[in-house]
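Here you get one chain, nothing else, as structure tokens; it is the form predicted alone.
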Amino acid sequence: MKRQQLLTNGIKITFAILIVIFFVWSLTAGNFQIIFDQPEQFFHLFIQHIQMVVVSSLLALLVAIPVGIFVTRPRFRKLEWLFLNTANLGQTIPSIAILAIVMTYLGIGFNSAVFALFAFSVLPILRNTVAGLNAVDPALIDAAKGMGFTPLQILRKVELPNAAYPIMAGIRTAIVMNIGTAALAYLVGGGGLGDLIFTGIVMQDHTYLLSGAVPVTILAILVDLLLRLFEKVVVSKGLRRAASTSN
């Protein structure tokens, strides 16, 4: 176990060093010149990218977690397969195909991009919410019932805290995927850093390409780190240790 942990840390450190070397090389080689030459355009696209990710992720959270709670109630458990398979369509269908379908009905622009990202990110949150709630020890629920807890109190004080680790993992996965997938919003006129990436591809200009791709990568890594820190705040150390042991 200790050797495996050392190997994992070694891979992470090596990967981090390679990223730093690549970043420094790109910076000194002038590969981010577009950011310095056109800062207003870059920050406009950067803010568009953030807006798409925030709006679509919030919509996914507002839909996926309540639905996950709903289908894990004993009375509605038969509907679990229906909701999970419906959400699964969002990831079974390729991202570009989703964008094309959405664009047919919503036209081009920000709304189409947000809806496509929303469809793409519902499943990880919903699936982990359902898995986390189903994995709560029934003895804990029985004990809460014996203490006179109402169903709402059991959900709030027993089920959700014990399912917090997988739920947070699903949220983290969905948001980080959204940051990368949002680059495809360029294809439906949604803006974002994908404009720089696809312009670089079309013009075969690596300064445009890297000025869009590297910020997207850094943004995904930073958001992942922030969500991992937040996870440590909302999930108890005992639950995190139990989850890592079971993995």
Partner chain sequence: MKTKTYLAIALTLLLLLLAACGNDSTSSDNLDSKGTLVVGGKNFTEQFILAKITSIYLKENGYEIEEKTNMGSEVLRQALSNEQVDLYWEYTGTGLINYLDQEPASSAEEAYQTVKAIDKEENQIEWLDMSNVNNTYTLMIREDHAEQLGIQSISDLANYVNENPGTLTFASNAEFATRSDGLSGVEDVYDFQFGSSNVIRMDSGLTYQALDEGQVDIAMGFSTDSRIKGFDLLALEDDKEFFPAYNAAVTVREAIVDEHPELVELLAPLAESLDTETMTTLNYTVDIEQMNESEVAREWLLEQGLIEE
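Positions refer to the first chain, counted from 1. Remember, predicted model here, so these are calculated numbers, not experimental data.
The same protein has a further form, the form predicted together with the partner chain, not shown here; the description that follows concerns it.
Annotated contacts: 41, 104 and 199 all touch the partner chain in the predicted complex [non-hydrogen atom within 4.5 angstroms]. In terms of contact with the partner chain in the predicted complex, the residue from 93, 160, 108, 135 that brings a heavy atom within 4.5 Å is 108. Note that among 217-225, 24-32, 181-189, 57-65, the stretch whose heavy atoms approach the partner chain to within 4.5 Å in the predicted complex is 181-189. When contacts are judged by a 4.5 Å heavy atom cut-off, residue 208 counts as touching the partner chain in the predicted complex.
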